[in-house]
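One chain comes next, on its own, written as structure tokens: the form predicted on its own.
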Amino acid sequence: MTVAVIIVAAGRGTRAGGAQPKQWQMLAGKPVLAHTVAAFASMERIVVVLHPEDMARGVALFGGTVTLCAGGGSRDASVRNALEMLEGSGVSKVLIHDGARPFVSPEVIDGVLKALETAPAAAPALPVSDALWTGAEGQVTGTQDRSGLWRAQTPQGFDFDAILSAHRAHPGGAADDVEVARAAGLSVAITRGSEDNFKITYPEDFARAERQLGGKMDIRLGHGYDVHAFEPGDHVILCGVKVPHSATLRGHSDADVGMHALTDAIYGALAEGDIGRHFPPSDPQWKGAASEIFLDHAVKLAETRGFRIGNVDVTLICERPKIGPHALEMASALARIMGMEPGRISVKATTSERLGFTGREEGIAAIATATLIKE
């Protein structure tokens, strides 16, 4: 069968708000209509129905990749204009889709096409699962049985000749093309719809659409690196854990090299410099300070900027002390300070194969990575 798709986008969409019709508003960097058309890229022929005032905009957006058709004064009039344009072109089946449904999936489309092999008409829908009320003046006035009720979606598919005849005979004013088809006596098969295949109608729907596309997600990656030399002592503080050792680490604070690297990774992801910017070593109040003060500050700064920390990874570089026996305790200490699940925190170690200052056991180095996410 030869299939064409008609994408209806001639309305003004005033309920969606904005300075322009909803199909032309931007969604993840492209107009809503561009996303919708892209969902049907594999179709043999695509007709996009536009308001007469939008025809030049349609040419600029699509070029010659689709056929443009001027819409009428109502939705059913717009569909009929497109059907009349396709008459005589050899199209045997037609899908009619709302331009403001940019998330239709191949599975939904294929379900309708499969049903058209044996039925004159088919449309996707979802069963109504919520309780239904009647109401007036802001008050519930009764309940409505939801048995046998469905939420209609598009694309709605038809035998081309049958739906063209149905539109020619219809007086106008139909809610959708299934209503036109049924008025002409056509039986309509119900196919599986999808919750993702929603129609952008109200301003808040754009936020849902952006989330679905991930268009507004802000992902930051930060790296931190720190080094501290050994000096006489009997323990080191690493990632908040006191580890016995034959030396200690020298530093203005408690010299927790792992926590310092992690703190700098978070600051780096936020483009907020390093620990020295926020806690200058020239300030005596930070002499001997616990490094969790610095890490807590970085975490809270991320939160105030609207980010959550997705995961962190800390690598300690030294010959001794051995980190493995303490790694899980270190991860738990960081999880407590950062308010994160331990499963999102990695602490591990490596040696430098006896090379360099860490190989000579003159100190410890640490590198850290932090992923920050704003949704």
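Quick caveat: nothing in here was measured; it's all calculated off a predicted structure. In this text, residue numbers run from 1 along the sequence as written.
Heads up, the form predicted in complex with a small molecule isn't pictured, but that's what we're talking about next.
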| item | value |
| --- | --- |
| The small molecule in the predicted bound form: contacting segment from 140-148, 222-230, 271-279, 95-103, heavy atom within 4.5 Å | 95-103 |
| Exercise: Thr263 in contact with the small molecule in the predicted bound form, heavy atom 4.5 Å | no |
| Non-hydrogen atom contact Lys199 with the small molecule in the predicted bound form at 4.5 angstroms | yes |
| The small molecule contact at Gln153 in the predicted bound form, heavy atom, 4.5 Å | yes |
| Heavy atom of Arg75 within 4.5 Å of the small molecule in the predicted bound form | yes |
| Position in contact with the small molecule when the complex is considered in the predicted bound form, options Asp176, Asp296, Glu210, Asp161, heavy atoms within 4.5 Å | Asp176 |
